[in-house]
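Presented as structure tokens, the chain that follows is alone, the form predicted alone.
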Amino acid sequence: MVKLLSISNLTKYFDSFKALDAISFSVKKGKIVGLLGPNGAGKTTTIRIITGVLPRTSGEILLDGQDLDPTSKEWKLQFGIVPETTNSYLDYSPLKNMMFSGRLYGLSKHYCKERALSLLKEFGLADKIHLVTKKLSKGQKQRLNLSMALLHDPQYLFLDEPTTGLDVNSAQLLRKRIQEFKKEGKTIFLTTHNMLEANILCDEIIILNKGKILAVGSPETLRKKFMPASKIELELRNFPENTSIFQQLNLDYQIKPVENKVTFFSTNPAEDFVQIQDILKSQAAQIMQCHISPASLEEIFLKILGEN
């Protein structure tokens, strides 16, 4: 049987405010899923309900076909959470934080210590195990958060803006480790405002706004559905004075004559580029630079939000 987390008609009210409006989606084991949306979209509420931190108003959450009690230890052992801000005790050492976390999950003292030391070593904190956490850097605190989330070896990881504020090396290390988690068969939920990061890491994207799901699919699926046209960006010498000539191409375009640039939007860039060259040649305009690219995930995201 395929391992599956299935959400159906999940709804959440805070008094009269509807934070989640009957959202439904399912995720197979071993996938990286991006939860994207503006602030207040319902991303954190979704995570808190799935992991048993908040009760749902209505709807169904099934884990491998089972409707377990989200407040039970059996349910909570399936999940690990890395919040955007540290959830460790700043006056505790990393090792003491790990041991305390292990007690909450009911792990034996011996297993917990062995596992904690192994994880802290793996994430470059072996020489910091007895230092108070408040003296750690932002990146080190985030690695401690990740170590704490992995202590009980959960099958599902929820990472809330995991690379925000990290230096380049720490962010790269974390992204690499996220991809390794996937290879290990773990399912990762990633909330981020970094669209490039989401595009690189995520197998599936769920776009939320105002408690509703607007779109679901892989980055490429969303690109084909919402913005199939590629961009042909040209920098010209002898920019044409008569820009109406571009209308012959039947393509959407944007011009920046001050910068000597013009951008065309094409679903068949190779064929259209030949026609663009011919028109520019007839106007004695020369192409100095050319860049052809598909729509970015950020552009797709903004288009979907704009349509809704």
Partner chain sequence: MAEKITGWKLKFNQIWILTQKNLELYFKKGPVIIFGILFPFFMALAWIIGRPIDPIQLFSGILGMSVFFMGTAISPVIFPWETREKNLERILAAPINLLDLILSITLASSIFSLIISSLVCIVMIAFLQISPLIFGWFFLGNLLLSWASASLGVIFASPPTDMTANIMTLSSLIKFPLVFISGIFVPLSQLSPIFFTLALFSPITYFVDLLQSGLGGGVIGIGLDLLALLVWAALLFILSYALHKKTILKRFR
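Positions refer to the first chain, counted from 1. All of these numbers come straight from a predicted model, not from anything done at the bench.
In what follows, reference is made to the form predicted together with its partner chain, a form of this protein that is not presented.
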(request) Just give me the single entry in T191, T163, S101, T187 that has a non-hydrogen atom within 4.5 angstroms of its partner chain in the predicted complex. (result) S101
(request) Taking 4.5 Å between heavy atoms as the contact cutoff, choose which of S137, S108, S218, N238 touches its partner chain in the predicted complex. (result) S108
(request) Name the stretch, out of 208 to 216, 163 to 171, 225 to 233, 90 to 98, where some heavy atom lies within 4.5 Å of its partner chain in the predicted complex. (result) 90 to 98
(request) Tell me whether D15, R48 and H152, taken together, all sit within 4.5 Å of its partner chain in the predicted complex, counting heavy atoms only. (result) yes
(message) Since only the chain is shown here, I'm wondering whether K73 would be in contact with its partner chain in the predicted complex (any heavy atom pair within 4.5 Å).
(response) yes
(message) At 4.5 Å between heavy atoms, is I81 in contact with its partner chain in the predicted complex?
(response) yes
(message) Since only the chain is shown here, I'm wondering whether I279 would be in contact with its partner chain in the predicted complex (any heavy atom pair within 4.5 Å).
(response) no
(message) Whether P38 contacts its partner chain in the predicted complex should be assessed with a 4.5 Å heavy atom distance threshold; does it?
(response) no
(request) Check each residue of 144 to 168 against its partner chain in the predicted complex and list those with a heavy atom within 4.5 Å, in sequence order. (result) N145, M148, H152
